[in-house]
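The form predicted on its own is given below as one chain in structure tokens.
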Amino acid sequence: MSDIKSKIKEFIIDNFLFGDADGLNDETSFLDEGIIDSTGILELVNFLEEEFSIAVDDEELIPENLDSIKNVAAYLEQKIKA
């Protein structure tokens, strides 16, 4: 799972934090901290679908799945196993 987390973290840092990872950890809420907005969620979903060859269903677009590195990694683990 650490490889998944590192890919997600790298994407977030490169695309939303402009290389500045200060204060970003696995539990940091993307929405509460203003790291990602609704448009950013769509960018994240596109990255996940392309990078991990999954399809994110509309009903899966919830904070429990996409609001932190930890949540995204756990969500991906479930999707990849399915």
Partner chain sequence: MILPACTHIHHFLENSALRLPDKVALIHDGTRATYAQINNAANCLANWLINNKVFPGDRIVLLLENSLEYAVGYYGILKSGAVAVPLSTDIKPDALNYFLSEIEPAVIISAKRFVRLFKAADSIILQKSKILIKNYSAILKSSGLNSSSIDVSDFDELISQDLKDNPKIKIFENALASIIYTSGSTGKPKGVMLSHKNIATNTASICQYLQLTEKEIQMVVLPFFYVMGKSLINTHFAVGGTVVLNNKFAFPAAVINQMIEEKITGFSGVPSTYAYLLHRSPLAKKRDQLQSLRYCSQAGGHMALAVKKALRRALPDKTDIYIMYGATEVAARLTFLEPNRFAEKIDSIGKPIPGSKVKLLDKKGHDVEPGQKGEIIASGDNIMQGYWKDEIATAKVLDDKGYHTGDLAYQDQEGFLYIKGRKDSLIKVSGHRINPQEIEDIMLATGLFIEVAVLGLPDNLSGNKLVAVIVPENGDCTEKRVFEACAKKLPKYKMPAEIKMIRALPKNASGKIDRSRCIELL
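Fair warning: this is a prediction, and the values are worked out from it, not measured in the lab. Numbering follows the first chain given and starts at 1.
The following text describes the form predicted together with the partner chain, which does not appear among the structures shown.
Colleague: Give a yes or no on whether every one of 31, 50 and 62 sits within 4.5 angstroms of the partner chain in the model of the complex by heavy atom.
Modeller: Spot residues vs the partner chain: full contact, yes.
Colleague: Answer with yes or no whether residue 26 is in contact with the partner chain in the model of the complex, where contact means some heavy atom within 4.5 Å.
Modeller: Because no heavy atom of residue 26 falls inside 4.5 Å of the partner chain in the model of the complex, the answer is no.
Colleague: Might residue 12 be said to contact the partner chain in the model of the complex, defining contact as any heavy atom within 4.5 Å?
Modeller: No.
Colleague: Find out whether any non-hydrogen atom of residue 66 is located within 4.5 angstroms of the partner chain in the model of the complex, and reply yes or no.
Modeller: Yes - in the model of the complex, heavy atoms of residue 66 and the partner chain come within 4.5 Å of each other.
Colleague: Even though the chain is shown alone, can you say which residues of 28-44 have a heavy atom within 4.5 Å of the partner chain in the model of the complex?
Modeller: Residues within 4.5 Å: 31, 32, 33, 34, 37, 38, 39, 41, 42, 43.
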